[in-house]
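Here you get one chain, nothing else, as structure tokens; it is the form predicted on its own.
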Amino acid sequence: MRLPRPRPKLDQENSAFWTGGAEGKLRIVRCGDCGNYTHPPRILCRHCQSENVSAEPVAGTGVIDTFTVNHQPWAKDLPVPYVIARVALDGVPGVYLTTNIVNCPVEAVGFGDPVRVVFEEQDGVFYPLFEKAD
């Protein structure tokens, strides 16, 4: 399933996140001073306001925290149904990604399912999607 996706405006804050998939890496901003992660990406740590932050590769695995199955075709040629999920990332406390669960029937998605990142490239942007890991 290939959804038409809104293209983010790439900038200093978010480029590593949206282009990390070219190397197969999910990159999340981490503070070099307090060690906490920040997402969405920012040039300041949201925990201690330090400017000593950088985007670091993370495991790219996690669990489905919550999800919904969308049956409404919000755009022309939008295939339905599809899953919108919030994924709690392994090893990245406090960071959740809102994403799509792909490569399985919507009926196969459940709360707490382990997932791993896969990337969908559209015009140089690598959208982090997730598929079931079991």
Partner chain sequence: MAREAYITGVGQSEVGVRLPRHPLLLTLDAAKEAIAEAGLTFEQIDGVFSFPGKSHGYLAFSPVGTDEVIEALGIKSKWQMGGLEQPAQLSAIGMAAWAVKEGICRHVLCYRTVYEAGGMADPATYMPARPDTVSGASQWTSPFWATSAACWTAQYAARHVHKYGLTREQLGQIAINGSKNAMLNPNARAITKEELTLDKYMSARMISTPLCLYDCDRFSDASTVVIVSAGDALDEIRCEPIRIAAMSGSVDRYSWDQVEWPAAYDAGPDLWARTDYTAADVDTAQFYDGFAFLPITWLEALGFCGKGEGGRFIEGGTRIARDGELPLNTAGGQLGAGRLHGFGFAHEAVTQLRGKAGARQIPGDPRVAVATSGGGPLAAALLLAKD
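Positions refer to the first chain, counted from 1. For clarity, every value in this text was computed on a predicted model and none was experimentally measured.
Beyond what is shown, the protein has a form predicted in complex with the partner chain; the following relates to that form.
> Counting heavy atoms only and using a 4.5 Å cut-off, do T19, N36 and P57 all touch the partner chain in the predicted complex?
Judged in the predicted complex, none of T19, N36 and P57 sits within 4.5 Å of the partner chain.
> May I ask you to choose, among V69, C104, I43, C48, the residue with a heavy atom within 4.5 Å of the partner chain in the predicted complex?
Checked against the cut-off, the match is V69.
> With a 4.5 Å heavy atom cut-off, would you call G94 a contact of the partner chain in the predicted complex?
Result yes; G94 sits at the interface with the partner chain in the predicted complex.
> Even though the partner isn't displayed, in the predicted complex is D65 close enough to the partner chain, meaning a heavy atom within 4.5 Å?
D65 belongs to the contact set for the partner chain.
> Is there a non-hydrogen atom of A108 within 4.5 angstroms of a non-hydrogen atom of the partner chain in the predicted complex?
No, A108 sits far enough from the partner chain in the predicted complex that none of its heavy atoms falls within 4.5 Å.
> Decide whether T98 counts as a contact residue for the partner chain in the predicted complex under a heavy atom distance cut-off of 4.5 Å.
Flag for T98 set to yes.
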